[in-house]
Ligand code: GLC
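Only one chain is shown below, in structure tokens, and it's the form predicted alone.
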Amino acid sequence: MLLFSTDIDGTIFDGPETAEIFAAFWKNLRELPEQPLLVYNTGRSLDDVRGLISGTSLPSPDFIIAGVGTEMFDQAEGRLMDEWKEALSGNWNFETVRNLVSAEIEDIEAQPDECQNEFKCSWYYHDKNGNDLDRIGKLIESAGLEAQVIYSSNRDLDILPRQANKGNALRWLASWRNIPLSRVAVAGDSGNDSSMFLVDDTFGVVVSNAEDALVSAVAGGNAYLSEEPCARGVIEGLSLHLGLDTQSLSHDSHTSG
């Protein structure tokens, strides 16, 4: 494994304890002969992720993919990656998408400004089904825009450029760093993580607390369904994938503090 791309909330973090458990495990992985890159791949905003890292035991990553694949940050260089931004700048207009949805879709509420960016138009849209989502997709397509609709937790609706999502951002980053996808692993717990698992040749860890939408999306693929939740499930899956001593790593993770 040369690159590990993981969601944060519900996957490696649900409070201080899981942050410590994952940090101890990752410290062990950094001692491997080939040190893997760590990528946080999350729906949180970039500022939110950086604040979380500074306020918890979570290890500092090499890259942050934020806003469901719409922002990419090089931690070592301390810069937003304009190369990825340029890749998203095709047939897309945030204001057009926002105006269309607010005018034509009922029972929908815009998320706060801090949840939005120029490539991510986000809403609260409770308990909807595939037909509801298809209607939004067709509405945007009728305006001549290329977008995708991503729904998770039976509430959170993200409308993104066609090129953007967690999986496409991961695929681009791996290519940019010349890392074969067969040397990439991912982990997640919700529906908006599914695109990471669908990147060809990657190995995936689905934690036991995962949403049914993710479990269904990865069925039959190269994914391991952990028996443990959150960070412990990530450790379980990666340890088996890498042929590591699970008991030793589990002991180290639980005793670090």
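Owing to the predicted nature of the structure, the values given are computational and were not obtained by experimental measurement. Each residue number is its position in the shown sequence, starting from 1.
Form predicted together with alpha-D-glucopyranose (GLC): not shown, discussed below.
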| property | result |
| --- | --- |
| Answer option from 115, 87, 139, 108, heavy atom within 4.5 Å of alpha-D-glucopyranose (GLC) in the predicted bound form | 115 |
| Contact assignment for alpha-D-glucopyranose (GLC) in the predicted bound form, among 207, 196, 68, 39, heavy atom within 4.5 Å | 68 |
| Stretch from 78 to 86, 180 to 188, 149 to 157, 96 to 104 whose residues place a heavy atom within 4.5 Å of alpha-D-glucopyranose (GLC) in the predicted bound form | 149 to 157 |
| Partner proximity in the predicted bound form: residue 232 to alpha-D-glucopyranose (GLC), non-hydrogen atom cutoff 4.5 Å | no |
| Exercise: residue 171 in contact with alpha-D-glucopyranose (GLC) in the predicted bound form, heavy atom 4.5 Å | no |
| 4.5 angstroms heavy atom contact with alpha-D-glucopyranose (GLC) in the predicted bound form for residue 163 | no |
| Those residues of 202 to 222 which, in the predicted bound form, come within 4.5 Å of alpha-D-glucopyranose (GLC) by heavy atom | none |
